[in-house]
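Below, in structure tokens: the form predicted on its own, a single chain.
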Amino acid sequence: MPESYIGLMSGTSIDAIDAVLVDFTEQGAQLKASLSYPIDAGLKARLHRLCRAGAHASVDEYSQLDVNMGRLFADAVKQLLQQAVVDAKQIAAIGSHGQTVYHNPEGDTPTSLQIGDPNIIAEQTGITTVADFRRRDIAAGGQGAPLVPAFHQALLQQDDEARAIVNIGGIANVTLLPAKTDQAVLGFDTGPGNTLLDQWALRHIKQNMDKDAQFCRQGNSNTTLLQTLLADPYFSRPLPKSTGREYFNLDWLDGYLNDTSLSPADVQASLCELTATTIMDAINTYAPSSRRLIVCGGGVHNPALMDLLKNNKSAIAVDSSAQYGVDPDYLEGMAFAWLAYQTLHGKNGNLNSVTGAHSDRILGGIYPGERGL
């Protein structure tokens, strides 16, 4: 009998909540239903302000956002169940990533904060909820990110082909799957995915994203700017590493924009090439034997970005995860359903070869639903 789980994901782009219903069997994971649940403009603006580098929030503001996001996640679950015509009692658990508002796995007080109170999700849906996945990995000495590579391994590793999986959300993260399953999987955040593209588009064309890369196509990538951005220390940092909007944001970009003659479209084209270049550099540096790059996340819908990836100088083929039966928009949501499955089955959710934790760990806190555990 399949076990049904729900995965909830709100990424660094803060564009919407991805909600998925996934069945797990011995044969693997099957996506049964999905939806993109909107975040209203007012709440989205408050979240963007909170996620800015150096931003400060009162306990009251933080608590309000935590509660509001918890209610929104619960509403997304209810709509998903209604759409799928599935009773809440049929769901074993919800895996909620939450909304990251701060990620700092370095220093004397490493942590990662995701809001969206799981107590509210469990109470309002009646379904056991697993959340706060990242901090156990950090407590074990890891980065707390990326966590999705373990699911990539379970879903997409192939015995006879070295593969790279890249999720291009606000931040781009790569999973490097060796052809031999007894070899260690690597994974890390390569740098900005869509976050700089989206923020620059909002500043200059007053749109939340550069739809179909129309803005980007109006410009030309500037070699000098691109090389300046690539010289940022993050890109040459050794593994393990992870990052977020706290680092890659418009303040970061403005610090490098010394050439005032560049048009906004030229900058957008340069940012697009920055994302593609850092992804391919990561693969060529750490897994040069990779023969296939499988792309998921919102970046798969950016034709300019996909063209840059496909026109790489290596022999690697580039595909959407859709060609492997996995909707690229909902793969990360599926991963957090899988992480909840792992937790309730007492199985590890991280890969210490990816995060740098002392060892693999069972992740997340469990918030019982109406039926208990």
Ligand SMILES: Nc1ncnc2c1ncn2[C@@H]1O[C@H](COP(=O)(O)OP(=O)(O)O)[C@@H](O)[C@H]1O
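Computed from a prediction, not measured in an experiment: that's the story for all the values here. All residue numbers are counted from 1 along the displayed sequence.
Another form, the form predicted together with this ligand, is not on view; read the next lines as being about it.
> So which of G98, P240, G170, P105 reaches within 4.5 angstroms of this ligand in the predicted complex, heavy atom to heavy atom?
Result of the distance check: G170.
> Which residue among S112, S221, N302, T278 has a heavy atom within 4.5 angstroms of this ligand in the predicted complex?
Of S112, S221, N302, T278, the residue with a heavy atom within 4.5 Å of this ligand in the predicted complex is N302.
> Just to confirm the contact call: exactly one of 154-162, 140-148, 177-185, 193-201 touches this ligand in the predicted complex at a 4.5 Å heavy atom cutoff, so which is it?
Correct option: 193-201.
> Going by a heavy atom distance of 4.5 Å, is D254 a contact of this ligand in the predicted complex?
Contact with this ligand, no.
> Would you please decide whether E332 lies within 4.5 angstroms of this ligand in the predicted complex, comparing each non-hydrogen atom pair?
E332 belongs to the contact set for this ligand.
> Given that the partner is absent here, does D87 sit within 4.5 Å of this ligand in the predicted complex, heavy atoms only?
Result no; D87 lies far from this ligand in the predicted complex.
> Using a 4.5 angstroms cut-off on non-hydrogen atoms, would D210 count as touching this ligand in the predicted complex?
D210: yes, in contact with this ligand in the predicted complex.
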